[in-house]
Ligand code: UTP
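A single chain, nothing else alongside it, follows as structure tokens in the form predicted on its own.
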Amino acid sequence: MPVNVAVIPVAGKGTRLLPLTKGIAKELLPLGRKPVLQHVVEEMQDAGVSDIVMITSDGKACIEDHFRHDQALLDLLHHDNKHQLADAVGFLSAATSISYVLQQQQDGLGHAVLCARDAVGDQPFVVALGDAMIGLNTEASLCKRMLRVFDDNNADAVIAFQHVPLTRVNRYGVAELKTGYVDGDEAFTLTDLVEKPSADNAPSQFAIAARYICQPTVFDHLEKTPPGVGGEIQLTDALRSVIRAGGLVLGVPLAEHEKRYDVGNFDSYYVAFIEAALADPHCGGAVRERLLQLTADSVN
């Protein structure tokens, strides 16, 4: 069955980015000339996923405003011969629909995904975190590869992974791999998942990278999943339950040219913002020169 639905959780309050996020959703923080969430939606469109379900919360009306069709603005831009800007504003394809589901309380990623059950129904679906994008001004093929692996193997779930230093494994869900994976293989089979392990207890250095594809049966596992790390319902724990029930869960590592960019905290956001500015086709050169000058000045 083709995957036509993407669930994008955007309900978080962005408290690690206060006061920046007091009046704007963290998912609308700019990366280059677009907010990060627009990058995510365009990634879904590029992968052929046309039905977007955003899990939102009170105080996030700015997200709906950004994605609402604004014919008056388009008409004004076309009238002023600003056709390129009109194209940039009208980025949603005619085939793309966006709906919103309110998450009354933030009880973890697993709970956010469970809120989408009625909207998703009995279809397989993508989960794409709304504060993380893959790639900058390059054709990120990760989601397309994941969809192919999911379909070719009739998998219960497919998860994206990035290789991280041992010092950072305690920030992520981490994969335990079935014996036989060779570096460079398109996918590997998971035998377990561990949420935020210590460096000493991490089964690998493959950390979940903000993208999942799931069969709708994952909702049954989520309903039975108790609160885990942080007292929240973790999607990682539900997928671990799928594995233990005999389900086939596969991991797809990021390719060498792919990189995850987050806006979840200031450290990662500053790096993503700078790299996005450097990648700008029109302004990147000037930004690079200025950074080099600032670096040289600080050394001197």
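Everything numeric in this text was worked out from a predicted model, so none of it was measured. Residue positions are given as counts along the sequence shown, with the first one as 1.
There is another form of the same protein, the form predicted together with uridine 5'-triphosphate; it is not shown, and what comes next is about it.
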Original post:
Are all three residues Arg16, Glu27 and Ala112 in contact with uridine 5'-triphosphate in the model of the complex, where contact means a non-hydrogen atom within 4.5 Å?
Top reply: yes
Original post:
Exactly one of Ser99, Thr217, Gln106, Asn170 has a non-hydrogen atom within 4.5 Å of uridine 5'-triphosphate in the model of the complex; which residue is it?
Top reply: Gln106
Original post:
Considering Ile55, Val252, Ala272, Val242, which brings a non-hydrogen atom within 4.5 Å of uridine 5'-triphosphate in the model of the complex?
Top reply: Ile55
Original post:
Is Leu129 close enough to touch uridine 5'-triphosphate in the model of the complex, meaning at least one heavy atom pair within 4.5 Å?
Top reply: yes
